[in-house]
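Two forms of a single protein chain come next, each set out by itself as structure tokens; they are called structure 1 and structure 2.
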Structure 1
């Protein structure tokens, strides 16, 4: 079953149409990467899912229940980490989690148990300072802790790693990976290496619609380019290959790329063998999310 399903979502701000018929389905227990450029509408989509923004049209279901704007009952399934989480600066981390437990109707015992577990998980155990003095990384980690407090079925994180240094990013990603057993994770980002590291599913948001969506492996097979990249030792060899095969493309330096459709690989290999051309490198091009991202956003 899908934990989150969005159908034909439209949203405009004034005369600016941000979402134009967005469809998205997030399978249960996936780690779902929601990719889009700055201003693509990732935050807008997430806020609509949380009932913080009113959709112009379209339907959103969380755990099979319809989302309504304003007083949003479906939020009981969701833990949310906003892009810039802000907490009451006068509390410390464990006071804040206690407060969260109380307002969401958890029992005192359960809150205390979850609070200690989560502070341990995010590495804030024993932190007694007030939140006002926290670094962004610490705020982000407290943000994850508060989002997970109620053991939500769906964890929504808005660019959880964008503001962090590589170490902080790795910590956050590890936490997200660690919780995927218990929950479904949907997070937005434009850092593609993060997605490649932890996601099981991805969706590309562009021009207000989801252009590509699917599991990571599915997308990699679907968009596989049967291409190769080779590097010759000198320019003369490079030019010799290019003369023999005009469809081969030159990159910078002595690097050449070719695709199977245009240039049969074995012909090139035979030519290289016959001419006894020394090679520095011969490799298969893997489709990267980056190349996909470029392709999607180029249109």
Structure 2
């Protein structure tokens, strides 16, 4: 089942068409990376899902229920973490979650139970300092706890790691991965290493449309190149292979790459065996998110 399905979504601001027929399917209990350059339309898409912006046309369904602008009934399924969450600086973490539970209609008992569970999950259990003194990473962790307070079926995070240091990024990614069994996670980002680390599914947004989407394994299989990368022990051996096979390409150091259509793999292996050339590495070239992203954004 798809927890989120978007069909032919259009949105224009003045003379600028931000979304141009966007289609997106987010499977239930996936960690879904929504990839795009800054300004590609990621935040516009998320705000439209939340009913904060009115689509010009198209349809959005959350948990099988249609999103209607101005009637945010579907938001009962959603937890949301904006890119820069705001808090009441005079509260501590427990007080803030108690406040969020009260205004959302949760009972005090239910709020207290979820509050304690979530503060433990995000590493803020026992934290008594005021939120005004929190680091950016601590605020992001509290923001995730707030977004999960109502046990949502879909957690939407807008650039949750973009302004964090490596330690803070790791903490947030670990939390998002840990909640996968509880909820579906959709997070927008332009940091490809974050996606590679935790995502089961991914979509590439470019110029208002999704160019590529699917599971990580499906995408890597679909765009697999019949190519290989090898590394020789020294420069002389590298040059000998290049002289024998001019279509083999040199990379940094003693690394060479070849594609099966230009240079038959077994011909190269036979030459290496006959010349007794020692290899440090021989591996199939797998498509990377970076290479796919660059290909998409050049269109």
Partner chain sequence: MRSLLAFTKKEITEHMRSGKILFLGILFVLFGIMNPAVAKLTPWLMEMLADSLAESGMTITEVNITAMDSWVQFFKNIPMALIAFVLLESNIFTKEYRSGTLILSLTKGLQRYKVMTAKTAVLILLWSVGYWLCYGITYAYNAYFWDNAIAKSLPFSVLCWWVFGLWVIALMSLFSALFSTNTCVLVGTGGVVMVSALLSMIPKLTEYLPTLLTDGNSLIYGVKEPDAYIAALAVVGSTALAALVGGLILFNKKQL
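Quick caveat: nothing in here was measured; it's all calculated off a predicted structure. What we label the rigid core is the largest C-alpha set whose atoms superpose within 1.5 Å from one form to the other. Positions refer to the first chain, counted from 1.
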Between structures 1 and 2, the form predicted in complex with its partner chain corresponds to structure 1
Align on the rigid core first; then say whether the Cα of residue 281 has moved by at least 2 Å between the two structures. yes
Core-superposed C-alpha displacement of residue 237 between the two structures, in angstrom, equals 6.4
What is the C-alpha shift for residue 267 between the two structures, rigid core superposed, to one decimal in Å? 2.7
